[in-house]
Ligand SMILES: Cc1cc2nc3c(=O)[nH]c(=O)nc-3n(C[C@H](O)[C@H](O)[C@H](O)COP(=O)(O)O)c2cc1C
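To begin, one chain is listed below as structure tokens, in the form predicted on its own.
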């Protein structure tokens, strides 16, 4: 798949996720087969007001490339300004968030709320495309704002005309949040409606077989994996292998889970410092042990961790044997 002048391979993309897709996890996912990674959503208004915490989110590195930066905002001029800033900081492309339904974003007229006003949505897109002609601009949308009002198809046509280089469709309405089942037929309708740009499908991809089925049923050009990749970067390379060869590789072993969780922790602390890094890791690392015997005990211990050494000790205790007879947690 080609987005603008950038080749994406494999055609498996890590979805932008708030609080999740910071540099450490993006690097891990890139090492595990992601063809493209995208930052967590970043506020255009925060960039405009030069918020230093927001500027700290410009954390992409050469190892992640191509790396796109996702921006949100409802004002065309502010979005254009923010796009210029992040491109100057070295991102390879700009993704416009028109899918976030969370009230603190939507109530400002940003995110999925733009799907209620397609004229304004098109103005935002055109402003960003014109601001950064040197890089590709993409857009991520929901099916529409509320059930029964499908806007993704009309918007995709307008976005293509405005110069967007790819559209990602999360096949749920904003009003659904993450509930219900994604209706992949909408992805197929968007694909049929645009002819010059790739369409990326998103929603309910939890296995390599799901990815193959989405591509076959919708004709989309790539798949985007979100929540299912949390604590499971192996899913990305398993999907890539399955799409390429039909081989369904095994789930990661407990030892592999521990090793990558440890790698994630060290990367996070190296970037953010121990105090902030460990605090954020308390909720992130537990995902690596989903479905593993003893996972509740591990997650509980992680919530009490205060230092990287605490986390290392907890991970050292995993697998004694099958996580059922490990030595007492040093934090208990």
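Residue numbers count along the first chain shown, from 1. These numbers come from a predicted model, not from an experiment.
What comes next is about the form predicted together with this ligand, which does not appear here.
Scanning 29, 41, 301, 265 against this ligand in the predicted bound form with a 4.5 Å heavy atom cut-off leaves one residue, 41. Contact annotation: of the candidates 208, 93, 203, 233, the single residue with a non-hydrogen atom within 4.5 angstroms of this ligand in the predicted bound form is 203. This ligand is not drawn, but in the predicted bound form it has no heavy atom within 4.5 Å of residue 138. Of the heavy atoms in residue 16, some are within 4.5 Å of this ligand in the predicted bound form. Of the heavy atoms in residue 112, none are within 4.5 Å of this ligand in the predicted bound form. The closest heavy atom approach of residue 226 to this ligand in the predicted bound form falls within 4.5 Å. Stretch 33 to 41 is the contacting one of 33 to 41, 303 to 311, 270 to 278, 59 to 67, since its residues have non-hydrogen atoms within 4.5 Å of this ligand in the predicted bound form. Taking this ligand as it sits in the predicted bound form, the stretch 20 to 36 comes within 4.5 angstroms of it through a non-hydrogen atom at just one residue, 20.
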